[in-house]
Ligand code: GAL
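Only one chain is given next, in structure tokens, and it is the form predicted alone.
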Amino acid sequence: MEKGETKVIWLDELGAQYAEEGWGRTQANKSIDGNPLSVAGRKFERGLGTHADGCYRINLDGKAKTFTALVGIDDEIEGNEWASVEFSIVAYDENNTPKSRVLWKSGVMKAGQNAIKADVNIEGLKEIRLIVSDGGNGINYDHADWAEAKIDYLGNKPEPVKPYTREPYILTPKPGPVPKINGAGIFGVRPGSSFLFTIPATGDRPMTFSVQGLPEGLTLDGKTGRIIGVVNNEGAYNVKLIAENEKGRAKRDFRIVVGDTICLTPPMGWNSWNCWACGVTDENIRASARAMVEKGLINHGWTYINIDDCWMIKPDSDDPVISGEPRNKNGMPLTNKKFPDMKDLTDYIHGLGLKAGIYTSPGPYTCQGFIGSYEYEAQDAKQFANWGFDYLKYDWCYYSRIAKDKSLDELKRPYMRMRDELLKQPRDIIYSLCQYGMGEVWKWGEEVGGNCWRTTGDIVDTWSSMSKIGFSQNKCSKYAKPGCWNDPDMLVVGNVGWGPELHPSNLTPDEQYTHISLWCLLSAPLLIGCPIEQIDDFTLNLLTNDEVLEVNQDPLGKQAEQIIKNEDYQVWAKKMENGSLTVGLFNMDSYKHKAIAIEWSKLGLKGKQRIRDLWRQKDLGIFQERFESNVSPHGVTLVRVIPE
């Protein structure tokens, strides 16, 4: 070992901004929530406050001596017994290959447990990684502290490894002036239910629309492209949509299926929670509805404008805006003062050619303590239909205090009860089950009447959260089909923040491309979580690429399957109705570009295949036996593989 005076560098001096975390932002000398570092009542002056799943990489020159720290769960989560984490220190070899060696582990730690000391010999090492993983029960409240963390070293000063990032970049070509009809090629409606469909088309305006073969009971507004009415006879009606302007004419085959199944493609729309949370108002909803039209998202198939929690009365509140009688004398739910007229609001949304969604809970209260639907399911379903809603998010939340246990019968019970009431209404209402994947809901969501069902906990705008949720969906892929969709939660692109203070998504540009690509491959419901009126060009590019959205809206209704999974990269593939495959090549490394290849044999293919880059909307050529792409850190190459 080199002789000389040993120097010390503290972990907080290296820069908290270079940490990766599963929630929030890592802070120097403070907890993840910005409080003084504290574990089991012991205060610490120095260290990093972070959150599982987290990682901090440090470059060494082989001359460092020791890494020491006191680790534990921060006291700020007092009362949340869910928290559990494991700290580990891992060595990587000189060439930074996937070969690693665990130097030290804390074991699973719980809230209130005394800090544990890590004292690790790091002589001769080129890199160490400080890792915080969840304790096996998810990352909720996993506020983790690396307290009094420091490195004793000789030679060069240790340096943080900085994750790769770059400025937002736009891949999607702008739509041309000639008409092009986009969106799903199929639409389901029950006999006798109100029908509303706006033909999504890009191109210069003014534009006129016509439809050949429209079934009896439906009419078209030729200026707006809105089809409305009621079809009473079951059957599949093959029609042709036509859009014309001064620059040209577009035609597209379209299938209207009148029968028992609705939601034949995953819902595409907007939800208020990720931006406004409980600050949501009538005007927030109207603003995003207007913007969906003005920004042109409606021309790409975006349809739903959904109100989340906090539109109702909060019985125990002293705020006059949200307090009051929760129901009228007939038991019908009442709105708080932020929503003065629900029927007027849904009429406004429908008048724009869009559809409206609402939220409640099967419990007596919602997640935020507002009035729920427990024992008023019949009144609430009727009121939602009377108001004119087209979508219901039904959030388990408070029902956990009603359920006897976590048995399948108890998990199903409240959802079947509301299903029965929804089916009595003379209106199609998409039924979205929000119960976080309990009891493997993807196996029985269809049985209880669901059109889509949450498969995970809530998403936040970090790589750890988004990737852990998205890349864990292979387990439920075989249960997705028209009318039945696995829901890995809403999109976290654009400005988010859960109201009222918003911030640009913490996902890097590459991670946002991965997010949209993966959700489209998964045939997931696509619900925008940012205020659409604030949307920037980069986010608009993410949400208006018709070739990418076509993957999500493919009528075959298959969910992608995981073809390759390893530490460095993953490959997912989705079967399409026209016989092609959509393939996503995902780089799981946050620091380095990676050449990722897929052999045709892995996809069940042979011979020549044409490859089309969907984000760039560009053919890449004919490939024999395999395709390879250089993929950005945490990025994606999304292609269609088309037989020649």
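Predicted model only: the values in this text are computed from it and were never measured. All residue numbers refer to positions in the sequence shown, first residue = 1.
The next section is about a form of this same protein that is not shown, the form predicted in complex with the named molecule.
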Original post:
Heavy atoms within 4.5 Å of the named molecule in the predicted complex: which stretch among 507-515, 465-473, 450-458, 107-115?
Top reply: 450-458
**OP:** Flag this candidate site as yes only if Leu585, Trp615 and Asn630 all have a heavy atom within 4.5 Å of the named molecule in the predicted complex; otherwise mark no.
**Re:** no
**OP:** Let me know the one among Tyr436, Tyr348, Phe538, Trp444 whose heavy atoms come within 4.5 Å of the named molecule in the predicted complex, would you?
**Re:** Tyr436
Original post:
Ok, Lys314, His300, Lys574, Lys393: which has a heavy atom sitting within 4.5 Å of the named molecule in the predicted complex?
Top reply: Lys393
Original post:
Closest heavy atom of Phe87 to the named molecule in the predicted complex, within 4.5 Å or not?
Top reply: no
Original post:
Does Trp273 reach the named molecule in the predicted complex if we count a contact as any heavy atom within 4.5 Å?
Top reply: yes
Original post:
Is Cys397 close to the named molecule in the predicted complex, meaning a heavy atom pair under 4.5 Å apart or at it?
Top reply: yes
**OP:** State yes or no: in the predicted complex, is some non-hydrogen atom of Trp146 no more than 4.5 angstroms from a non-hydrogen atom of the named molecule?
**Re:** no
**OP:** Determine the residues of 349-387 with a heavy atom within 4.5 Å of the named molecule in the predicted complex and present them in sequence order; the list may be empty.
**Re:** Tyr359, Cys367, Gln368
